[in-house]
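Form predicted alone, single chain, as structure tokens, below.
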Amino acid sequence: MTEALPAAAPNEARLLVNRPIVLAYFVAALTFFAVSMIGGLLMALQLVGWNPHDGIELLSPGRWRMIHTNAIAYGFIANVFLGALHWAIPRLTMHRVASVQLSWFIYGAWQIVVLATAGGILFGQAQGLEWGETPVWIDPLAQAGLLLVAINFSVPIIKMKGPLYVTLWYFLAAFVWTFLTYAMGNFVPEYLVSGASGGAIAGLFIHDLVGLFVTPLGWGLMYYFVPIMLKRPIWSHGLSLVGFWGLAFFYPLNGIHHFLYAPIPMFLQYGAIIATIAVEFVVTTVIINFFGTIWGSSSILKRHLPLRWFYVGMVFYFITCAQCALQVTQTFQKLIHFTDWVVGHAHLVMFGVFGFWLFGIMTYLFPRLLGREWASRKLLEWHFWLSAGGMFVMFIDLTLAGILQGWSWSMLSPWLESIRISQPFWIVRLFMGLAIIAGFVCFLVNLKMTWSAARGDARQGEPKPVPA
């Protein structure tokens, strides 16, 4: 069974979408991505003993490591999502967002929240919660912002008549899940539950942030953009719903697998292991659906860069979920817990999957927002290959490092021996990070050239036709 996407006439689509705010969100996202790369670079330099700011507290890698993760999750990923939602939802529903003024208010407020989080972390106000280090005085503001986002985007969806395309299923669920997940992770352990129980809640938050915020918005956008770019409907609408309900049913239980062998009831640990393995089967149905959609037309990936970003990200997603189904078993946990295996896994998920999808979206939309094709195809190719090559090698490198670290610890070798073993891998990680940064610089240079050309067209009074 297939279902075609709702389509709007070009002029009507332009009226539905507020292009300046999409552009503003993308620029903010790229700014925070740059900040995140600085934090990651400082941490990588620290690990190999090359920290250029040794002794400067505000530039300590420990603090910038938290900025690195927060800037990616809330600065880069959230901003691109919000920009892309302003593009996709009006086109799918044929209704504008509830309020353009509210959109701009959310935009400004969200940038303040992310900047205040970075400032709070730098000045020692971070909470001791992975991915939830936001200072306690920021949490209510962020929670209110998530509620406003849900209202602004849900109104046009509710106005729709007739069946909802699967993209909108994912979006509606994400608005609810993200609001609840953020509340669970940032308020329950802080004020209501402590000890091992609080740790279990924190574990749920860490994983649900990925599975119930990033994943549904990411897959929802893939279900929107891929059929449009391929100019064909999704292969199976039935499989798309299997993927949605499988995510809804199995993913919320996964987070406990971060605390295997902890003083948490074993039935919860076993349940998390089973649910995590089940998610791999759910992901397989989604991957099959998208590769069924492109079947017979895979040659388009050679010339269509946004689709290439999307499908390489999907392959990485399958790898991470297959890896996760193994690493959550207690046998694997004995070896890889607390090692760089987990670090490589996290990087492949957050950048190799969702980062790739978001750069693909921006690669597709920037020409439509600026009214000008990319200035340099070669720079786009460099961005892709430096990112893909750097990310894949980093993933393999950290996975091998994690295995050797685990073997070292299991043999009860001195801790410093595991540090010595890790040094060559950390050096490779550093240079792969520099490759990713170099690719990002190519993207920024290309964007600046394209933007300047678009302004030149406007000054000459001969704007280029804007793609719908």
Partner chain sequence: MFESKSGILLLAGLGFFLLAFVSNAVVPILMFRDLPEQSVEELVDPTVNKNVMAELRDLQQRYPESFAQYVGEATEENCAELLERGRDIYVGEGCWHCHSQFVRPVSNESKRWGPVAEPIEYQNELQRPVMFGTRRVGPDLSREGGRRGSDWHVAHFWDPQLTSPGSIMPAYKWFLDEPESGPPTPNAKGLAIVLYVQWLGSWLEFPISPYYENVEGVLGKAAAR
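Residue numbers count along the first chain shown, from 1. As the structure is a computational prediction, the values presented were derived from the model and not from experiment.
Quick note: we don't show the form predicted together with the partner chain, though the next part is all about it.
- Mapping the unseen interface onto this chain, P52 falls outside it, with no heavy atom inside 4.5 Å of the partner chain in the predicted complex.
- For W137, no non-hydrogen atom is located within 4.5 Å of the partner chain in the predicted complex, even though that partner is not displayed.
- Within this chain, E280 is remote from the site of the partner chain in the predicted complex, having no heavy atom within 4.5 Å.
- The shortest heavy atom separation between S194 and the partner chain in the predicted complex is within 4.5 Å.
- Judged against the partner chain in the predicted complex with a 4.5 angstroms heavy atom cut-off, the residues P61, K334 and S413 are in contact without exception.
- This chain is displayed alone, yet in the predicted complex one of L147, I300, I287, V343 has a heavy atom within 4.5 Å of the partner chain; that residue is V343.
- Checked against the partner chain in the predicted complex, the residues I419, I403, V27, I38 give one hit for a heavy atom within 4.5 Å, which is I419.
- Considering the partner chain in the predicted complex, the lone stretch of 216-224, 102-110, 383-391, 151-159 in range is 151-159 [heavy atom distance within 4.5 Å].
- Looking at 221-251, the residues that come within 4.5 Å of the partner chain in the predicted complex, counting any heavy atom, are H237, L241, F244, W245, A248, F249.
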